[in-house]
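Below, in structure tokens: the form predicted alone, a single chain.
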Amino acid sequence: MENAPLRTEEMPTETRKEVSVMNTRKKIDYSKWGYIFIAPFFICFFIFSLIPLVDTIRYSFFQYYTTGLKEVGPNFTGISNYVELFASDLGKYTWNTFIMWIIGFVPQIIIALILAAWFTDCRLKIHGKGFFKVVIYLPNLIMASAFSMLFFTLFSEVGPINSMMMQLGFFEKPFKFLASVGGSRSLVAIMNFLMWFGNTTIMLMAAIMGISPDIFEAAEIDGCNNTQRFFKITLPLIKPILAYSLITSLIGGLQMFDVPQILTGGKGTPDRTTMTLIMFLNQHLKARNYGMAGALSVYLFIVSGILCAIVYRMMNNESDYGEKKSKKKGERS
């Protein structure tokens, strides 16, 4: 018969001390290390994001600008900056920003979805996928300033695009792309499309590759064709990544600055139809009108928050509705 284990009282003194030390070690709480590791992020966020955000909101209620060598303010004026802001061409600049974002985002998401579906389809047996991924992503690495200068040279009145079109007989005289509303907005949208569709494609490819192959095999056995497979299986399952792409693209579209700024020299030509909200903000900062710049920054923050919340709510509502329908079907059966 095996000996029964000794109770703590029956153990020798030295053994009892060792057991108590071991029990103490087991009770050590290591959760503090999690807080220590995330502390640098919150410290940086507090110093470089939260404090400037609160300061920007505060300045939006003050008259604070520089005229010549004289600095006026800060003098508290309430909501006068917001009243003056909405009395300006704010609506026009908001519309410019949205229309150029939409023109660039719609082909971006469509082409990214098509490419992602092609490259992740095992039945197509595409060779050199790694090479094509690199080529697709390369425009994202090119600086916006370089892209803008390239397009400015290509589409100028004496540029190669006009010369080629005239030689082919499409144009009788050089077309002024940057002097027309459609031409200038289209150039901005095309540049944004070229710079970001590769990043969107890579994200969507990762989302599709995360879907279990068993689902596609089961759909194929059930006689599902390519169109049904894409719209009934792929799209619903990558909806979270689509929502993420839409939200990040929307925020990036509201912050559109470098491409139209360089392409039009900061003037938003023709007739300020390519003037974006951030370009308008930059004008106030250059004029050192910090009160109006703060009010415009708060406006951008609120608009971004509302639009992102709407997109997030729409995506969640659709998924919740699908879950409720499936639950009801299960209860009936």
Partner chain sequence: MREAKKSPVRQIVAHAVLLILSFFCLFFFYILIVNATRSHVDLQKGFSVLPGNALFDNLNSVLSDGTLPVINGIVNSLVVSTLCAVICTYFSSMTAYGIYAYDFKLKKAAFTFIMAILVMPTQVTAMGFLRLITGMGLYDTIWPLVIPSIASPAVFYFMHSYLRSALPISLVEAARIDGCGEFRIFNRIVFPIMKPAIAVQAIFTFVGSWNNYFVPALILQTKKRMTLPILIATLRGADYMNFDMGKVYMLIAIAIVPIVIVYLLLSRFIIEGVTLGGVKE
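Not measured: the values here are computed from a predicted model. Numbering follows the first chain given and starts at 1. Take the two forms, superpose them, and find the largest set of C-alpha atoms that agree within 1.5 Å; that set is the rigid core.
Not pictured, yet referred to below: the form predicted in complex with the partner chain.
Shown alone, this chain has one stretch from 189 to 197, 89 to 97, 169 to 177, 75 to 83 that lies within 4.5 Å of the partner chain in the predicted bound form by heavy atoms: 189 to 197. Every residue of the trio 55, 255 and 285 has some heavy atom no more than 4.5 Å from the partner chain in the predicted bound form. With the partner omitted here, the residue from 110, 102, 181, 142 that has a non-hydrogen atom within 4.5 angstroms of the partner chain in the predicted bound form is 142. Although the partner is absent from this view, residue 261 contacts the partner chain in the predicted bound form, with a non-hydrogen atom inside 4.5 angstroms. At the 4.5 Å threshold, heavy atoms of residue 304 reach the partner chain in the predicted bound form. The partner chain is not shown here, but in the predicted bound form it comes within 4.5 Å of a heavy atom of residue 133.
Not displayed here, the partner chain is approached by residue 149 to within 4.5 Å at the level of heavy atoms in the predicted bound form. The partner is not shown here, but in the predicted bound form the stretch 60 to 79 reaches within 4.5 angstroms of the partner chain through a heavy atom at 64 alone. Residue 51 is among the residues whose C-alpha shifts by 2 Å or more between the shown form and the other one once the rigid core is aligned.
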